[in-house]
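Single chain ahead, written as structure tokens, the form predicted on its own.
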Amino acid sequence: MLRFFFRLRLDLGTMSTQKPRILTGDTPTGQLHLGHWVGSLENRVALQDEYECFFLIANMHAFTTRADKPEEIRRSTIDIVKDWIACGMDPERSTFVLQTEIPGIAELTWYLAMLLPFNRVMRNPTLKTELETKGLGDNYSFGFPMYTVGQCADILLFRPELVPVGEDQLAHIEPCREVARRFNQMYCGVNPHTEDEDYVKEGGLFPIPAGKVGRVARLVGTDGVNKMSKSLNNTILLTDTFKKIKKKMGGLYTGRTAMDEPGDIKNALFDYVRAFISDEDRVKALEEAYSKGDNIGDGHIKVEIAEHIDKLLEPMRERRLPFEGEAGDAKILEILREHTKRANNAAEETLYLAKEAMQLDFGKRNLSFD
């Protein structure tokens, strides 16, 4: 099995001021799908030249619910980087942050945990939803709610101004914004009445990060009812072939029974039409014909959508090819080793400045990893 064996030395530099920063990422739970693309990945690719981008692989957080499946988490960690590169997230222009290799995340999590009341953490609506959907009841580890605080540290350690996320992740950013304000007020002397966009200008360490939702906030899965989700087996993966895409689209439920029957263009089928057919005139023509029941069948539209999705995914599949197999895994690990140096340089700078603000600056440190 491939393992990380590397040593690095870090020198604290100055934070880049040429571009504003982005931090966002994914928990490695398997391959990425179209919902991830329209919800966040598309934004990440588009913003790489405008922003200094840090993309987090939250493999530490994966252990909050799958601590008994380390091999599965490791496999998903490598695969998710392959998907990112396939999407167009460029390791030459952006930095991939492997969470477990950034010790500053765990340390900052501890400090931020003192600034977030326990009741506030447990009121996070996304946390409640996950407890329900994963059927954890009261049988969850202490680390499960702690990862909400960890997400704040993930973000703030890189001092981003923007966090591209799916709609369901917006609630996770709010505690991060709250704790950033509190830290800046308590340790940097920023006036509580300061506008969010002015916190750094007024002497704060952390920008108050804003969320950025993708152009499709919630993509319905191929069951036509629920949000696209691996756990519901209603996904179109970014690695799917045209044959698989066509088959999955064919099962999309619309509720329509005849091609001469007027259809509801607010159904799941037309969510896909508007998401993946870029020609506005064609979209309008399909909407008009479908709403009138003008001899246009669901099957015809599904095939047309499948063709557009395949056209989107084809270059992604091609970009992924050089990273297939064990040789591809080795290439991914090499990228992660190099990016770990970049990420730790940025993280250690922020952590030292945070500790300095907290009067914990007893000396800068060098990190060494074997």
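In case it trips you up, residue 1 is the first one in the sequence shown, and so on. Everything numeric here is computed off the predicted structure, so don't read it as measured data.
Although it is not shown, the form predicted together with a small molecule is what the next lines describe.
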item	value
Contact label in the predicted bound form: V165 to the small molecule, heavy atom within 4.5 Å	yes
Contact of T235 with the small molecule in the predicted bound form (heavy atom, 4.5 Å)	no
Heavy atom of L56 within 4.5 Å of the small molecule in the predicted bound form	yes
Contact of D310 with the small molecule in the predicted bound form (heavy atom, 4.5 Å)	no
Selected contact from N124, Q169, T239, T100, since only one has a non-hydrogen atom within 4.5 angstroms of the small molecule in the predicted bound form	Q169
Stretch in contact in the predicted bound form with the small molecule, which is absent here, among 211-219, 135-143, 154-162, 115-123 (heavy atoms within 4.5 Å)	154-162
